[in-house]
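The chain that follows stands alone, in the form predicted on its own, written as structure tokens.
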């Protein structure tokens, strides 16, 4: 695949995801905190929808031989520690790495400091990784396709179907209209100073 085409495809996908973030308002600090308190599940619905879409696209691209997978080794310690740190950071900042750019675009002034903090954290992680590597461990690169012997595209589409059913059940349990309001249309929710 041509590099320019890959870049354009990535930009198009980013634009669509950005529109979905803005329209769903999941970038707002109150929405993020509501999710972390398990009071509002809009953020989970949006991100699981993105995962379903990504699984379908990746299954098609891999199944057609257009892309090659490059799995990373499993490191439970690093993922638990990193997940905990990012969760605490999201609660403290009211933002996450994927939504901070939407906050900047919407005019949230603190978002610039959150972005700066994220960049400093990423650089610190990169330089500190050799110190922590012996403690977090790692495993060989193994995928579910390796374990089951089934093709990746089949597993990805199966997982996408399961997640889609989960989304339907979550929507029945916690309807979006009850969480963001029946009259919500995305207007009147401007940035906070």
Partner chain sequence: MISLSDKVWSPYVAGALIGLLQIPAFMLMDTGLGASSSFVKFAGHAALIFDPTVADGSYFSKYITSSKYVWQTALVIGIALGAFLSMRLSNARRDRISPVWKEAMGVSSPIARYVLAFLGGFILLFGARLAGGCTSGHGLTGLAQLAVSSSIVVPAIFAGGIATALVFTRRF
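Everything numeric in this text was worked out from a predicted model, so none of it was measured. Numbering follows the first chain given and starts at 1. Rigid core here is just the name for the largest C-alpha set that superposes within 1.5 Å across the two forms.
Although it is not shown, the form predicted together with its partner chain is what the next lines describe.
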item	value
Partner proximity in the predicted bound form: residue 161 to its partner chain, non-hydrogen atom cutoff 4.5 Å	no
Contact test in the predicted bound form: residue 30 vs its partner chain, heavy atoms, 4.5 Å	yes
Partner contact for residue 63 in the predicted bound form: its partner chain, 4.5 angstroms, heavy atom	no
Non-hydrogen atom contact residue 126 with its partner chain in the predicted bound form at 4.5 angstroms	yes
Sequence-ordered list of residues in 50 to 66 near its partner chain in the predicted bound form, where near means a heavy atom within 4.5 Å	50, 51, 53, 54, 55, 57, 58, 61, 66
Large Cα move at residue 119 between the shown form and the other one, threshold 2 Å, rigid core	yes
Closer or farther in the predicted bound form: C-alpha pair residue 15, residue 155 (3 angstroms or more)	farther
Direction of C-alpha distance change in the predicted bound form, residue 15 to residue 66 (at least 3 Å)	farther
